[in-house]
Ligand code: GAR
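The chain below stands alone, shown as structure tokens; this is the form predicted on its own.
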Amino acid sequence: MPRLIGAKKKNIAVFISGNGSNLQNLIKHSLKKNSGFIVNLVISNKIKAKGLKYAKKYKINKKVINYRNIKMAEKNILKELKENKINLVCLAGFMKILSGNFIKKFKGKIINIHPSLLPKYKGLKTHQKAINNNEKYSGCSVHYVNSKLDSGKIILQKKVKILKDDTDVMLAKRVLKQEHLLYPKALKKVLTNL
């Protein structure tokens, strides 16, 4: 499949640590004529991340970065971003916190999808926290990444109703469906400002 790299479409990198369902979703959206972006690089901190299979399937450059030395890891990532002419970084289940220094170098050009209605429930176990606190709604947020965990400016959010007998797994499945709708919309919004 020919891949377009050039002025018309912005080059994005997707950082993953796990299954890569948001990565797969973004790749599918990138193949649409009017998407405005192409997934040009996939970075993972885990060699066994299942999502890496999508990079292979769609012939996208991929790099597994060893995170034992954070400074070295980020230096390698920055090199990859430069070599692949990346305009925007999309975090999609990337389970590493980027350093303030890294974020400064890519300021305003890193976005993340988070499975809660931020500013509520930052970090992990968001669905369980929402259920434990008897929330009526959970959801997902796409936001800019800054130096504080899950605290950057919100780009878009989507509410998901919490049902009476919900478990965190049931809720997570419904939220993930909304993530797949929300991330491409948010990306389109961000790309118009790049």
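From 1 onward, residues are counted along the sequence shown. Everything numeric in this text was worked out from a predicted model, so none of it was measured.
Quick note: we don't show the form predicted in complex with glycinamide ribonucleotide, though the next part is all about it.
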| request: Spell out, yes or no, whether the shortest heavy atom distance between residue 182 and glycinamide ribonucleotide in the predicted bound form is within 4.5 Å. | output: no
| task | Answer for residue 72 alone: is it within 4.5 Å of glycinamide ribonucleotide in the predicted bound form, judged on heavy atom distances? | result | no
| query | Is there a heavy atom of residue 109 no more than 4.5 Å from a heavy atom of glycinamide ribonucleotide in the predicted bound form? | reply | no
| message | Test of understanding: in the predicted bound form, would residue 11 fall inside 4.5 Å of glycinamide ribonucleotide by heavy atoms? | response | no
| query | Which residues in 80-108 have a heavy atom within 4.5 Å of glycinamide ribonucleotide in the predicted bound form? | reply | 92, 93, 95
